[in-house]
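The chain that follows stands alone, in the form predicted on its own, written as structure tokens.
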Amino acid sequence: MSKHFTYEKIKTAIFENAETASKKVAKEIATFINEKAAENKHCVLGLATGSTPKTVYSELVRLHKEEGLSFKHVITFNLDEYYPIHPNAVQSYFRFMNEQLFDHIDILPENCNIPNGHVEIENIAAHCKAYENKIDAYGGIDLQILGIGSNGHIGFNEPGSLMNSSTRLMMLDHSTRVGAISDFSGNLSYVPKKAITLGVSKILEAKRIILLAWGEIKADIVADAVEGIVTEEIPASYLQTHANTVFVLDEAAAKKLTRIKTPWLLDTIIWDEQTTKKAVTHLAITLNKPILQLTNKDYNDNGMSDLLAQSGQAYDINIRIFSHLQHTITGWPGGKPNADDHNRPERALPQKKRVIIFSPHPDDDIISMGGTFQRLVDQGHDVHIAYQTSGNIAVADDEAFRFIEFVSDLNDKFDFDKTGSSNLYNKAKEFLEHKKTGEIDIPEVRFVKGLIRKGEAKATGRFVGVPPQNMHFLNLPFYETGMVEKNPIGENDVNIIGALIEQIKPHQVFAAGDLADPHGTHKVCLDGIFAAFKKLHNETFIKDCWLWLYSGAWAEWDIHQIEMAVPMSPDQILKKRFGIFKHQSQKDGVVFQGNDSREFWQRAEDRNKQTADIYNQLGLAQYAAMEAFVRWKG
């Protein structure tokens, strides 16, 4: 085994992105199905649900439709199902599997097995036993697909599950329920508290196991499962005991593995400037020492002796990396006029730049780069804001009805034409009173929800000082499904983005660079911007346009990645907070809160303070907060 893998107790395969990885897994499944068919044998697949395997399933559908892959000899057993839940419920895994896979291939319906979330409570034990017996009758699972929860669960085997646990009804961990909230109208009370899950022992009996994990949010738990001890607190760690398991990861999910995070600890590496910066900053943070106080001994004791051999004394390396970090700090994100910009993140000229800030949702601009946003305006640049989506699904039903009721009451008071508002009021009231969990809003309600968010964005723009004509609401079509699940980015979306860029001809573009998010709106919006830049690459203005990426409200760029850090004073922090407060529909119980219970302004402030603290810890000036950016160079 290569030295690179000595920390890893489970085989891992790392791919550039989730799509490439998913196609590779689908190809392995297809090959296995065909091999079994050639032997005239059944192929028994264990299947998972959730967003992680969706691209695998879509590729299997493509292989069936375009390359003749047949599923007539395939038997499937799903890992789990919510309880209680009707099979036809929008959130049921029975419906998920039909919509994502079974309805589009030639598998026999009787060969599709999913735990019954509608069985009577007194019959669950017998149902679970019969489910396991049926698997055994087919000779066990040949190939099991798994995802991994942020708490380390596999299936719904939550932390505390024993290795010998059987198929059973499981009480869901709070973090698991919070993670599923987007499928249940953003309301935790709608998320089932229990689920039927295939037991750990039955999963470990599978002849081959492939665990999929995408995105930075899974990085910590993947590292714990692969490199940590086997423990019931991380059920995925039980896979270390399985002889034929592989974790298939994208780069973001793999980033905390030792061979990715600190490869110099394992083997000889090429010490380019970026790797040197990563290693030196990591060393300083680990030892809690400023960069300029690191010694030759520190380097030698922490696997970096070959860097000394290549680059000289620690003193010289320290100064070089310290200077590099120092040059990322600027209070002039649009460039400083009449200044030497040789070592600055941005160009001094032109002094007044045309700037587009792309905001995937109507609040990402102020949450993620509110201080920089304000500086650009205050420093006289021509700042435009492009809100890419309406954000309408993130508005609570009662908030929408409150606005509809307001319009109706306003019309009554001032004797405006009441017909339209009365009709809207009655239609919305009727719909919302009978709305089922997960049901798509009617167009009128979606429009009102979008209007609420548009109004909040306008209020923020006024607060910062952006004129109304510089606020652009793109309402990209891919988003307007009314569901959490969005359409892929399309040509129409790219054309809308490209038309705005061509109209403004910006010198600077800022965009949400959440590259670690394989399924979220931020990544789709960024893909649209990249595609628009590609279409416009021959335009003279685009060659002089710099694209800066900001991160989202939950994470920040690693210190070695940051190319521009914009400091903020305590007063600027407060002003950013007040700008975020303009988005009232996203405060106090926001629909899609995620695993983080803090409000967005709290997340942003904590993240910005943490970035400033790291710079200070490394020996640079102490600021109250910092916003960080990475430049995309195509």
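Since this is a predicted model, take the numbers as computed values, not measurements. Residue numbers here begin at 1 and follow the sequence given.
Beyond the structure shown, there is the form predicted together with a small molecule, which is absent from this document and is the topic of what follows.
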Worksheet, complete the sentence: Checking I154, A512, A253, I366 against the small molecule in the predicted bound form, the residue with a non-hydrogen atom inside 4.5 angstroms turns out to be I154
Worksheet item: Of A565, A48, I29, M568, which one comes within 4.5 Å of the small molecule in the predicted bound form, counting heavy atoms only?
Response: A48
Worksheet item: Are S359, I501 and G528 jointly within 4.5 Å of the small molecule in the predicted bound form, each by at least one heavy atom?
Response: no
Practice prompt. Heavy atoms, 4.5 Å, the small molecule in the predicted bound form: which of 473-481, 486-494, 155-163, 130-138 makes the cut? Say which one.
Written response: 155-163
Fill in: 4.5 angstroms heavy atom contact with the small molecule in the predicted bound form for K449
no
Worksheet item: Looking in the predicted bound form, any heavy atom of R453 within 4.5 Å of the small molecule?
Response: no
Discussion item. With a cut-off of 4.5 Å between heavy atoms, is G520 one of the residues that contacts the small molecule in the predicted bound form?
Written reply: no
Worksheet item: So in the predicted bound form, does I148 come within 4.5 Å of the small molecule, heavy atom to heavy atom?
Response: yes
